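What follows is one chain in structure tokens, specifically the form predicted on its own.
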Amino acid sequence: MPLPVTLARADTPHGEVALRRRGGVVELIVNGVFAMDSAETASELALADAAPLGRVLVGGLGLGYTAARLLDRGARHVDVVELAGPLLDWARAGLVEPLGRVAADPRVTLHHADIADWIADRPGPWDAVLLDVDNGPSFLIHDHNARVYDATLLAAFVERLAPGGVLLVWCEARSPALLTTLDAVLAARAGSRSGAGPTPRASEIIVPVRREGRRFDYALYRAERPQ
């Protein structure tokens, strides 16, 4: 395996972020932990493909594959909220594809913020909210991201969806607890509305991927705001 070449690195209040190239593959490293690379992007693309189009909010820029797929599918506008400011700078500088393409598209607005705080005074609505800010509740890169997966914040994202809009959460492994939490959020919302009909349920989408001869099951969790 070739040795990695650092393309860019920076320290942030939440730790180090770096882009590396290993052969023909670009890697994103956060706090010394492998976050993603350009060799296997099936789950990032699946996240975009599961979203209704229109106005879409994406939490977590990554290497730009999810946002780029939304644009390719015809999204009207994409808001991307990213915690690591240097990653946004590297995107605007066109350091690697597809980061540069996402930053240059007039349908995209990049926001430097923690989405858990940013969402508080943004009413929406969005047709879809896609959360890929960490690896999921079972393996956090940033401990403070645990709140992204709790009922309070998930309910806030659902409330900012347009009727029929969809919340999607990416996880690096199956999370039955997250599915249960989303079901509880939907049930609580349905219970607060008279004549709402059957209680909606969240669902799990498994995305199998192969890395170095091994199979991994990534998971997407989907919650729809009723019409």
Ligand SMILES: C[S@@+](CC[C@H](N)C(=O)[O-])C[C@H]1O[C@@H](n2cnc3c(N)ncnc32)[C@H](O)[C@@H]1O
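Just so we're clear, the structure is a prediction, and the values are computed from it rather than from any experiment. We number the residues from 1 along the sequence you see.
We do not show the form predicted together with the ligand, though everything after this point is about it.
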Non-hydrogen atom within 4.5 angstroms of the ligand in the predicted bound form for each of 84, 113 and 145: yes
Contact flag, residue 62 vs the ligand in the predicted bound form, heavy atom cut 4.5 Å: yes
Exercise: residue 133 in contact with the ligand in the predicted bound form, heavy atom 4.5 Å: yes
The ligand contact in the predicted bound form: residue 36, any heavy atom under 4.5 Å: yes
Proximity of residue 202 to the ligand in the predicted bound form, heavy atoms at 4.5 Å: no
Candidate from 46, 30, 179, 158 lying within 4.5 Å of the ligand in the predicted bound form - any heavy atom: 30
Stretch in contact in the predicted bound form with the ligand, which is absent here, among 159 to 167, 36 to 44, 49 to 57, 181 to 189 (heavy atoms within 4.5 Å): 36 to 44
